[in-house]
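One chain comes next, on its own, written as structure tokens: the form predicted on its own.
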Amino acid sequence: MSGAKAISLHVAVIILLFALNFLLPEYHHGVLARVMVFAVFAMGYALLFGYAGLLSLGHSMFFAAGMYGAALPVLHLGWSAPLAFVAGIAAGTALSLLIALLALRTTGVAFMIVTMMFAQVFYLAIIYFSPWTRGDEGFALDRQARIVDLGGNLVDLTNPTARYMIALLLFTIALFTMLRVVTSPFGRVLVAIRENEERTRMLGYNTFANKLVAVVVSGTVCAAAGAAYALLFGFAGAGFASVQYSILPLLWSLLGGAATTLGPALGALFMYYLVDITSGYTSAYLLFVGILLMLLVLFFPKGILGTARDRWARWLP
């Protein structure tokens, strides 16, 4: 029964987002498309942080790997958008596997520091190869390169409606993939590792292998978000590889509920609009954002959906 409730809730969220495509004004239409892409980034991060208990400060490199893995072939090789999207995901998967094999030799705070160091190296590499990556300045993709030919039907990724629907499709796939993963035996093992890794190992589970898979899946989802961002919004820049973009998904996850499937998306939506609205009234908007975030931490210690699950809805995944 609880599984049916969870699926119904997730389907209802997708239907609501689909309906908003026809109801939102132009400005919010564009904002929500961007938020959905960032929500996928947050969901990928939350799989590792919320379920496996691994605190990473290096996920910006996976997002940026997907972004540059998709954008650079379009810019320099003239690849089509679908092929570039696959290349972006492949780049993120390969990088996450490499980082996992190295970083998982550490635990706790050491894991956090090592991932942050790798992310900084990745950021500096983007700056170093600025003749190709354009460094901090970044580069925009031509409109013609973002027109996709699907069996004779042209899909223009610069079109607001097409962009929104593709962002929604990506969000839907990521959301239900995360739901399937966290409710599977693999997801249960990740939770067991988070709660007591030594006991999980004594029960016969290969904790290193499970954490390795978690990092690769997490990095792949984040790379998909980065590749989609580059192709849908036509821009790639080194700023997306900075430490700030490793902290943001952590913040979004904590706000919405790190160990919930919908929590990271809710946190991304809440934070994006909170900054957007308060910055329209005052230049000291970060002060009000900080106060509100402290209140949320006090009254929703496990995030909005995490606390709601503990208090009222035990069936939330």
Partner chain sequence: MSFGPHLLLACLEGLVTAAVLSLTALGLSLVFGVMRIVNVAHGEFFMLGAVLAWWAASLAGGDPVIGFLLALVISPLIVGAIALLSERLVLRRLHYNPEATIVATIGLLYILQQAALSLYGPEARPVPAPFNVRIVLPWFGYSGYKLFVIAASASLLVATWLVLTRTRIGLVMRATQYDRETAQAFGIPVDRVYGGVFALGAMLAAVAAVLIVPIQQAHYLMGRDPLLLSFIVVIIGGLGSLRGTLIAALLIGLSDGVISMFFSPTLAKMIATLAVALVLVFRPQGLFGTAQR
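Numbering follows the first chain given and starts at 1. Predicted model only: the values in this text are computed from it and were never measured.
One more form of this protein exists, namely the form predicted in complex with its partner chain; it is left out here, but the text below deals with it.
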I147, A125, A94, L212 - the one with a heavy atom within 4.5 Å of its partner chain in the predicted complex: A125
Which of M116, A90, L168, V181 has a heavy atom within 4.5 Å of its partner chain in the predicted complex? M116
Candidate spot I14, L20 and M36, all three in 4.5 Å heavy atom range of its partner chain in the predicted complex? no
Using a 4.5 Å heavy atom cut-off, which of 100 to 108, 214 to 222, 173 to 181, 82 to 90 contacts its partner chain in the predicted complex? 100 to 108
So in the predicted complex, does any heavy atom of A162 sit within 4.5 Å of its partner chain? no
With a cut-off of 4.5 Å between heavy atoms, is F270 one of the residues that contacts its partner chain in the predicted complex? no
Closest heavy atom of V289 to its partner chain in the predicted complex, within 4.5 Å or not? yes
Is the gap between L77 and its partner chain in the predicted complex 4.5 Å or less for some heavy atom pair? no
Check each residue of 293 to 314 against its partner chain in the predicted complex and list those with a heavy atom within 4.5 Å, in sequence order. L293, M294, V297, L298, P301
